[in-house]
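The chain below stands alone and is given in structure tokens; this is the form predicted alone.
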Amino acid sequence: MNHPIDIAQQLLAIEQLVGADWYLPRNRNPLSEPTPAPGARAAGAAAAMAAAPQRRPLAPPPPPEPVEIPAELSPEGKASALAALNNDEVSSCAKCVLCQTRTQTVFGEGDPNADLVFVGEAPGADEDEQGKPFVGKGGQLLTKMITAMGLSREEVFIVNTLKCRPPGNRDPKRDELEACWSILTRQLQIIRPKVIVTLGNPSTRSLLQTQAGITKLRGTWQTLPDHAPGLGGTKVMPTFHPSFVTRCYTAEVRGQAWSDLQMVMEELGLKTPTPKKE
């Protein structure tokens, strides 16, 4: 087990590297905070969770018809297969009503040969405008989280369960999840990642076929069901959605998210990056 001083030095080194403190206590006020009463810290975290918008449970969509995709695609073959899927099906998709209100589809982006895939819920306004996943406020935090892991957005793959923005960023509907389900599973079949990180409840419940919430599942390794050939058994780490972390920006929530990512780093053999010398 690492010594507490070593851990503190490691966290400070990451802060210097990414120029952000998402995983450290946010307080930078020179005035010290009042000492919390016994049990107040846990109560404060619980209050933050309770104050967050509550989403109703949504039944996962049924598994799609299996699609055979070669397991040994080259990196170039994966890139070509993803591009064909986007151009032939996603960009012109009209399977649900979201095609009537979207600006453009958001297929996903990153390394087609990535070992790590992040799966979110649905595009927001910024994503709908730019056609890229996770570029808004939550996306900026996700980028910092990826950087703190010693990676870049170009070295992972980032997708959403939905490829079109629901109006007003409302919850996805069942028929919308069903319309995009086969696209998501084929993306994963093509990439064949070693680890999938699900961000928030909708992607976690859909991919794991469960009604359990993110607060129960986060921080524990899960196994992807056999949705399609080649996917069964893939390791899944559920964690909080970056947008939730930005809303409930407590030391406890940030610490839990960082702990989840550290488990992913250990699984992939990633080392904490060393800050560059100025």
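Residue numbers run from 1 along the displayed sequence. Just so it is clear, the structure is predicted and the values come from calculations on it, not from any experiment.
Form predicted in complex with a small molecule: not shown, discussed below.
The closest heavy atom approach of residue 118 to the small molecule in the predicted complex falls outside 4.5 Å. Taking the partner from the other structure, the small molecule in the predicted complex has no heavy atom within 4.5 Å of any heavy atom of residue 185. The shortest heavy atom separation between residue 172 and the small molecule in the predicted complex exceeds 4.5 Å. Proximity of residue 190 to the small molecule in the predicted complex: non-hydrogen atoms within 4.5 Å are absent; the residue sits far from the partner. Interface residue among 148, 82, 179, 122 relative to the small molecule in the predicted complex, by the heavy atom within 4.5 Å criterion: 122. Annotated contact segment (heavy atom within 4.5 Å of the small molecule in the predicted complex): 127-135, selected among 86-94, 190-198, 127-135, 72-80.
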